[in-house]
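Just the one chain here, the form predicted on its own, laid out as structure tokens.
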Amino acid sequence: MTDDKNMNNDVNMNLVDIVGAGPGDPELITVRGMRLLQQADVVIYAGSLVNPKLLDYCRPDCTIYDSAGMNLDEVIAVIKEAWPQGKRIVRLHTGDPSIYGAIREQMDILEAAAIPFRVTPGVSSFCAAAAALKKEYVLPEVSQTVILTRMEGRTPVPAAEDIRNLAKINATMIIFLSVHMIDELVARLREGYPADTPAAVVYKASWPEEKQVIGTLADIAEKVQQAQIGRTALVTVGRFLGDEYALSKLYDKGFSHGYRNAVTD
């Protein structure tokens, strides 16, 4: 991976750009990500996970591949063919590519092949979910920790990271890729959280078809089933969804910090 610090000028730069597409809304991609799509000769995008409206940023002559039907070898083969020709390549991943983006294996292959690359971060769906819910994940005296995790499916998780263990912390938890197992998920969560813990499910945060289901661990599974949400949704759990919290010291007039003195009445 190149460490060149002068990489803001992308023109004529022969490298592979791994780009976070954001959560769905085409306006929530970064400015750099948009510019890279506009300049790209080749785009390989992550199928149904990426809003196809983002491809409107591409030039008419850009070659576009949908990686939903491609395996790792096929993705790399496209890159290895285009890169020696000096083509500008964008590998477009959903949200932020560092979160369940499966980019490490791609980066390792590119590095072994001496193909330079860089990563452009994106807005993750968990950030878009908080925006949709109009909530803040960390609140004074409620939760100062956010856990991003998933249930095991065909992809296992380390035993210590079982939902039941994480639930004992009672922190804010965001569960990816698990809404289709909502009954089992809630059963495990309730081994740590009280039944009255608020929960919310956000389907396709920031997409036009976004849906929200609000409840508690006592009823969220039934509500999700009634809403017929079975994929592409985040499950959020924690008291951050409630109405009780302490005010931040950051803007407390009675609190001094390096930029402001306390005001005394």
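Just count from 1 along the sequence shown to find any residue number. The structure presented is a predicted model; accordingly, all values stated were derived computationally and were not measured.
Beyond what is shown, the protein has a form predicted in complex with a small molecule; the following relates to that form.
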query	finding
Stretch in contact, per heavy atom within 4.5 angstroms of the small molecule in the predicted bound form, of 196-204, 26-34, 217-225, 64-72	196-204
Interface membership of residue 78, the small molecule in the predicted bound form, 4.5 Å heavy atom rule	no
Contact flag, residue 51 vs the small molecule in the predicted bound form, heavy atom cut 4.5 Å	no
4.5 angstroms heavy atom contact with the small molecule in the predicted bound form for residue 120	no
4.5 Å heavy atom contact, residue 234 to the small molecule in the predicted bound form	yes
Contact assignment for the small molecule in the predicted bound form, among 177, 82, 107, 157, heavy atom within 4.5 Å	177
